[in-house]
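To begin, one chain is listed below as structure tokens, in the form predicted on its own.
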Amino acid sequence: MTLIWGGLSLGAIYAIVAIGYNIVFISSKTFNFAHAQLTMVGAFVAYTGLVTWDLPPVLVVVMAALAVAVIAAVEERIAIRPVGDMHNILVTTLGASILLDGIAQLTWGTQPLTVPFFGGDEAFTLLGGRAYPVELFLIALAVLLVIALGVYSRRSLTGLALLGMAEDREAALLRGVNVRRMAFMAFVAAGALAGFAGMFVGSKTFAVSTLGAALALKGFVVLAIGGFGSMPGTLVGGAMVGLAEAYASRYLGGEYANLAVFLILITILMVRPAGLFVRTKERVV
């Protein structure tokens, strides 16, 4: 059971990153390669607030969310807005991720930094296994985010407008939806979420300049398994990836963890090319 708690918490981190990818994808049909790096910056801002400045955790959460939201807004204006072609946007956001990696190394160095968790760091027994408070918090956070976003998208005008944009952007524009403003706000909201979650991700993994690259790859795999645009798919995909990593590392060795993950990805894509929770649309010619 200890292995399951560890695997699920790792999968929750990947799911949270994939949720951020999905928010941007649903609103603008683009993929922000730098989103995982935004989570990394959130972890570093949390370290600075909690350890260097000794601020209260509540204030640090707000500070991290606001700081990363501003960075996301700047990225949208520089790397997204001026670029019209979707393929070029992938290149510019990839460039933004490399830039954020470099800035993080210059600002905070290359050594892993410990981000304290407000719930303590003492392990306890739960259902026969040992778990840390931050692990359970991350699992609960991923589940609550998916539920909250699902309710928001179905019950609010903004959420319905975003769903309309995801289905047909031009039709939404004709119905009076300001698609550019909505896409910008969704991008900034995804950035704020990355900053908020970065504080807790850093408590589990450390704040380190290589964190963004590691999370970007696994977040993309989770998205591909669950299906682009599917929020429940991020939870299932995250759990599969996290558990596969944990069990492969325990019984086969750490070098087999990535191999196990990509074997699962390839197997699922062979059966369901669009992911587990997205139906392939057929076109009649």
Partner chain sequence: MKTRLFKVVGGLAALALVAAGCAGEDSTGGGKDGEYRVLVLGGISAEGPLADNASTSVLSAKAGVELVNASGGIDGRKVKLEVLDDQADPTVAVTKLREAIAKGKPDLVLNSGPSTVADATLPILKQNSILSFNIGPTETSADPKAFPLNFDLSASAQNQLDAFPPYFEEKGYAKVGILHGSSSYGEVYGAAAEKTFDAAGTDVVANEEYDVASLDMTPQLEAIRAKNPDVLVLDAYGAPLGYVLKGIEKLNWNVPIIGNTSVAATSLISTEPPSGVLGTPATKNLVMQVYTSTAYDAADTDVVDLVARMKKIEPIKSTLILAYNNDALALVQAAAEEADSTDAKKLAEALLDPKVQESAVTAVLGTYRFSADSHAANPSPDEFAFISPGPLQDGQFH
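This structure is a prediction, so every number in the text was calculated from the model and none was measured. Numbering follows the first chain given and starts at 1.
Although it is not shown, the form predicted in complex with its partner chain is what the next lines describe.
This chain is displayed without its partner chain, yet in the predicted complex the stretch 200-208 from 73-81, 200-208, 163-171, 180-188 comes within 4.5 Å of it by heavy atoms. For the options P112, G159, G119, G95, the one in contact with its partner chain in the predicted complex, meaning a heavy atom within 4.5 Å, is P112.
Proximity of T107 to its partner chain in the predicted complex falls outside the 4.5 Å heavy atom cutoff. The closest non-hydrogen atom of A142 lies beyond 4.5 Å of its partner chain in the predicted complex.
Although the partner is absent from this view, L215 contacts its partner chain in the predicted complex, with a non-hydrogen atom inside 4.5 angstroms. Contact between F137 and its partner chain in the predicted complex is not found at the 4.5 Å heavy atom cutoff.
Heavy atoms closer than or equal to 4.5 Å to its partner chain in the predicted complex belong, across 38-59, to the residues Y47, V51, ordered by sequence position.
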